[in-house]
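A single chain comes next, written as structure tokens; it is the form predicted alone.
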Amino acid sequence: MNPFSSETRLRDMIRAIRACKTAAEERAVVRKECASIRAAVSDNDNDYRHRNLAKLMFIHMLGYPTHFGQMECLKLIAAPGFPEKRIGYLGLMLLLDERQEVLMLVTNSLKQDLNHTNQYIVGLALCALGNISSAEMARDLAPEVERLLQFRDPNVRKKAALCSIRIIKKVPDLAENFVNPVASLLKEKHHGVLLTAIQLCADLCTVSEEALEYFRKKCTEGLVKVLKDAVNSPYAPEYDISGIADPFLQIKLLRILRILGHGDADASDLMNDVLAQVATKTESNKNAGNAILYECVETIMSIEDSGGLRVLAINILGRFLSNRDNNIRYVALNMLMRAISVDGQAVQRHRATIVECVKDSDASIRKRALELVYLLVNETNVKPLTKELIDYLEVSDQDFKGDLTAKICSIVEKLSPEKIWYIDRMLKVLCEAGNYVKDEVWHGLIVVITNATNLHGYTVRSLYRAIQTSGDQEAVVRVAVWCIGEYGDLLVNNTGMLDLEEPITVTENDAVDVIEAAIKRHTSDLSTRAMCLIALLKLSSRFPSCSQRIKDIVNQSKGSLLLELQQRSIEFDSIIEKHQNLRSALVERMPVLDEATYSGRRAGSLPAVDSTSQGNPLQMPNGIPKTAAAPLLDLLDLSADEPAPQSSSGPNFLQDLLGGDILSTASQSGTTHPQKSGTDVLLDLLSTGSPPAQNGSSTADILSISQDNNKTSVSALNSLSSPMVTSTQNSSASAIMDLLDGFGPSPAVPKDNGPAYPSLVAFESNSLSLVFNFSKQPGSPQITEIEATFTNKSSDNYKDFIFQAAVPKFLQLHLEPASGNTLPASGNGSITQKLRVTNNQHGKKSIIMRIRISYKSNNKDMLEEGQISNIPRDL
């Protein structure tokens, strides 16, 4: 016999497939078997159709295509016998789904089978309809399914209820047709029918508010009675599981009571007694009993209930926390987190058990318990709970320290009763897990320390002790270095001793030793070493006798490979050696930092810096003054969208144009002044001085900045930078492209520029002239094409010529590549560059732009800027 003919039995095919040693062999066997089945389908082989379909189902489960056998399912379903229908319906459910168009052909067969005299065939049809019914099939066959809910056989009623669930999910409008039949099913004695009826009732309540109100009024008492009978029922072997009568039915009943009682006081009153019985009579030493108790607690927490029953539910959860099963403890913690908002006082009684769960060996339980403890903390228990958490921090796993320290720091910051307690707790956390805390934590600690003026001496002495024992914790080192630099004289003089302190003797050299050790630690990062240098500069003023030693330590960083440390070392050495008259004023005590402002910044509710027009200039790392009123994001302050007058202050214009990091030495609009070195140009252009943030109104005024150059963006950076800062150019390239929308060439402007307009001298200085020639495309009045012509009026050639422009938000600017980057002297040549401006308010507002032109003259960086506001409104 051919091993791959239709006469091959299913078990032989399975055996042949399992005997294959490689995927290729398996594919070969399946391919030959599928070919044989296709041949049988073509020959309309009725004798082995059921066998072929069984083989196809196995092949389908292996992941191979079997679409060619779909019609065979329909033929078997149309057969009169039960065996053929059974295989046909099984294939229908496995090989097809509701999205298949061929499924429409089976609707008539399903309707006939739902009305069949054989209850088993009816069951097959209900099972298939419940699995693959589409919305159209549900509408067509809903009356038959509704009728079968009253069928004489309980198995058919059960399958009809399950099929009804599918129907109302597909067509919610049909829900009202099933309300009355379901109400009668809820009185069934057969547990199987009752289970499916309860599920159907729950789904009806979900899709229909009218059904929910109907079941509340008509069925609540009956369901309560069924649950009470199940709880008090004697031993029934057919339903007994671990000594509990049908826990599945009890759980379903509790769930439907939860739906009916939620938001309805009358329905909740009817079920209070039975819920108390379930909570007290159910055994908790078996898993089935714990499942019932958990659902009972869920129901109590969901319905409108008095406090006594909720206390009973929370006590059950407290017992769950003592269970050895991790799953039970985990679900108890989850439920307690929800119960806090309902009855926090009852949850507080189990606080000790919850804290013990924080120390559990299971990571999931530890994390969930920690979140619960965080919710439990209040003003009355913050001290004992924080002490327990910090004590556990000493022995906790490394993987858990990060989450634990974050919660402890948040608790201490939010609920600290006094500053000294806050400082002590934070120091303990930093000493135990300083490497796990975020920067905001020790930043906030420094803010609090500056505000606690009567605790400065106590704090610096505590930190001096802490750095001796916990020098490996980076956060401790940073805070200690800052405080010793700021309050070193208080440390040496034992100023502000408290009664609880032990006397400590620290000399000036001891304080310097601590800073020197920190800066020489190989694990210290750049920020820590930079803070050490600043602290040494402060101590050179506070400890004049150690000034020379401090100078020697600072000089050691002059050869550092880190440019930041090298620069600081050179600058601080110069201050110590040459500017002693300025040093004391430069390193005087930090002003008290505003805690409210800092807290608001962390919460995102307050601006980082108050924007005032009288703000003092801030000195940036590159020596460029920056006012607080010029935020990084406020590129163009043209909120009125009107042409501004020609600016008389070049720096103010450039601060708006490029983020406020431009030289403040005033120059008239259109005048020339020497640029800084290449480093300063990059810093100016990229605003690397961490400018203060502005409130949300300035962010909305961000305008597009366009620039172009005939070189790539990297070469543009090279033209701006001196050789000594080559290493910074590549790292700044992406930032400058983000800021200025890239340097790459853009698509060419069409040559047909429409009617001509008079030329306009847009900008003119002693050394440079800029003329605009305008043109417009026919039919596009809002688009203006500008040809900018640059002419050199001086006797020196200009190299690395770059033109930049910025426009308000109602304009869109597009720059074409310039014709060159060298501008010949004395007007012997020119550079041209095309601009395309789209005015979204054409006819109402004129084109206005601010420009910046940079070039090199005699190898000296030059910069010119100005505002163009004299363009006619009709352009």
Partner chain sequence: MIRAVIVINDQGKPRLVKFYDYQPVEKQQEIIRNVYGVLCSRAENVSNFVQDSTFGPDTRLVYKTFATLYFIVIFDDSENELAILDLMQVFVETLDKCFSNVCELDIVFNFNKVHTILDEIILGGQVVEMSSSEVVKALDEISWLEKNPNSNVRVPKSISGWQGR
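Residue numbers count along the first chain shown, from 1. Predicted, not measured: the structure shown is a model, and the values here were computed from it. Here, rigid core means the biggest group of C-alpha atoms that superpose within 1.5 Å across both forms.
Absent from the display: the form predicted together with the partner chain. The rest refers to it.
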Only hit among 57, 825, 39, 29 for heavy atom within 4.5 Å of the partner chain in the model of the complex is 57
Note: exactly one of 766, 364, 527, 280 sits with a heavy atom within 4.5 Å of the partner chain in the model of the complex, namely 364
Note: the partner chain not shown here; in the model of the complex, the stretch from 558-566, 227-235, 339-347, 463-471 having heavy atoms within 4.5 Å of it is 227-235
Q. Does the partner chain come within 4.5 Å of any heavy atom of residue 152 in the model of the complex?
A. yes
request  = Evaluate residue 64 for contact with the partner chain in the model of the complex, applying a 4.5 angstroms cut-off between non-hydrogen atoms, and reply yes or no.
outcome  = yes
Practice task
Tell me, yes or no, whether residue 196 is in contact with the partner chain in the model of the complex, where a contact means a heavy atom of each within 4.5 Å.
Solution key: yes
Would you please decide whether residue 549 lies within 4.5 angstroms of the partner chain in the model of the complex, comparing each non-hydrogen atom pair? no
Restricting to 119-157, the residues within 4.5 Å of the partner chain in the model of the complex through any heavy atom are 119, 120, 126, 127, 130, 131, 152, 153, 154, 155
Once the core is aligned, please say if the CA of residue 155 is shifted by at least 2 angstroms between the shown form and the other one. yes
Note to self: With a threshold of 2 Å on the C-alpha, tell me if residue 431 counts as moved between the shown form and the other one once the core is superposed.
What the structure shows: no
Worksheet item: Taking the rigid core as the frame, does residue 117 move its C-alpha by 2 Å or more between the shown form and the other one?
Response: yes
